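Just one chain is shown here, as C-alpha cells, and it is the form predicted on its own.
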C-alpha cells in the first residue's frame, strides 16, 4: 500500500501565483508567435527569391532554429550574449529564443504553403497590373493562410509548451512558478499535477479555438 495523503489545499492557497505564471506563459506564446510570423512571412518570400545573400541568410536561420535544441537557444540568448556585454532578462531571453525558433519552423510551413500555389496565379496577378507586393497580399497569401492555418496553430501549442524551458534560467512562467511554490511546501505531486492539467487545458483550448476559427474563416 502507498501511504500518501493528498493535500490539494496547499495548491489552492497559492493559486494566484500560479495564475500569474500562466499569464506569463500566454504572453510569451502570443508575442513569440507574432514576431515569428512577421519574420517568417518575409523569410518565406526571400527563400523563393534569387538573391543569394538573403536566401543564404534565411537558410542559415532556418537550419539553426530547426536543428538545435530550444534550451540551447535560450542559453545562448541569456548567457551567450553576456560574453559580448549584452545582458538581457530571463523574460526577454525566452521570448527571443522562442520567437527565433518559431520563425525557423514557420518559414518552412509558409514556404510549403507557397509552393502549393501555382506560379500561374502570380503571373496572372502581375498581368492584371498588380505589383509583387499586391500579388502576394491579395492573391497568394490569402490562399496560403488557408493551407497553413492549422499547422501554424500546432506551432503555437509547441511555443506554449516550450515556454516551460524558461524555468531553467529563473523565469516565473507556469512551470517556474509551480516549481518555486512546491519547493516551499514539498508537495511535488499536487503542484505538478495541477500544472500539467493547466497546460493540457490551454493546449486543448488553442486546438478548439483554431478549429472554430478555421471553420468560420475558411467556409466554402
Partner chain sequence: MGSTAVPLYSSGFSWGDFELMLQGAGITLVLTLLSGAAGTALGIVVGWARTLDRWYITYPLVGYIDVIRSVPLIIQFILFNSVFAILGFRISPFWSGMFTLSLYIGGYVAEVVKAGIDSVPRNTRRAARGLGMSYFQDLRYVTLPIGVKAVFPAWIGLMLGLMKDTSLIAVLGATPPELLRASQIIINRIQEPLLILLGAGVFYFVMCAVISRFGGRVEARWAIERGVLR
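Numbering follows the first chain given and starts at 1. Because the structure is a prediction, the values reported are computed rather than measured.
One more form of this protein should be noted, the form predicted in complex with its partner chain, which is absent from this view; the next part is about it.
For residue 69, a non-hydrogen atom is located within 4.5 Å of its partner chain in the model of the complex, even though that partner is not displayed.
When its partner chain is considered in the model of the complex, residue 55 lies well away from it, no heavy atom lying within 4.5 Å.
Although the partner is absent from this view, residue 172 stays clear of its partner chain in the model of the complex, with no non-hydrogen atom inside 4.5 angstroms. Shown alone here, residue 91 lies farther than 4.5 Å from its partner chain in the model of the complex, counting heavy atoms only. For the marked spot (103, 115 and 215), a heavy atom within 4.5 Å of its partner chain in the model of the complex is absent from each of the three residues. For the residues 64, 26, 46, 35, the 4.5 Å heavy atom test against its partner chain in the model of the complex is passed only by 64. Looking at 76-95, the residues that come within 4.5 Å of its partner chain in the model of the complex, counting any heavy atom, are 76, 79, 80, 83, 84.
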